[in-house]
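As a starting point, one isolated chain is supplied in structure tokens, in the form predicted on its own.
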């Protein structure tokens, strides 16, 4: 089983690096967003192969949603039609290439030469529960409440900007009501 996990790790690692490189090689903002999403999905798959399923799946779900929303906004708001026409994605090419290569070499050296601790988790513990307690402590209710509040705000924002807006039907020339002074 370990051989399959090792093989999958290296496949996803190569995919993450190649798709990350393609982010800067493409000449389209939308394509760059989707290459970046593919890179994050590969990193999430690496986490899944390393038995960090929760973190891997959260990363995949968050990045898929985030990059898709970013691509949609680029298509809607870019002066470049749909963000698909060629454009320069990198400024100061030489500086960017040197900085990227230097960062890659530094991180690769840390990964290869660092003496990482080997502390297996004691049997009978659930690392997901431990991670949840460590990250959220006793404030789970606060985070759950904030999530519901954010959902309500998003629904309210959509309702306010719909065809029948806050001040009447948009097709009938809706106007804001006149404010009267009360004494």
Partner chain sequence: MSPAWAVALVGVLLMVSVYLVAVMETIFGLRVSGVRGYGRAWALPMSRAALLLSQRRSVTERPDAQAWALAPALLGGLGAVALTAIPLAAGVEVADVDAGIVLFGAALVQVMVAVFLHGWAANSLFPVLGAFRMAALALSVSIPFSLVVITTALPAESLSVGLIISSQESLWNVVRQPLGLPIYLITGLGFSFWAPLQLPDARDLSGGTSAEVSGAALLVWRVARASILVAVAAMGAAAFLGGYLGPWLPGWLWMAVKTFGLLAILVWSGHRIARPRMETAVKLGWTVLLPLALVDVFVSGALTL
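Positions refer to the first chain, counted from 1. C-alpha atoms forming the largest set that superposes within 1.5 Å between two forms make up the rigid core. Computed from a prediction, not measured in an experiment: that's the story for all the values here.
Form predicted in complex with the partner chain: not shown, discussed below.
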Original post:
Who in 53 to 76 is close to the partner chain in the predicted bound form, meaning a heavy atom within 4.5 Å?
Top reply: 53, 54, 57, 58, 60, 61, 64, 65, 68, 69, 71, 72, 75
Subject >> Core fit, then residue 72 C-alpha moves 2 Å or more between the shown form and the other one >> reply: yes
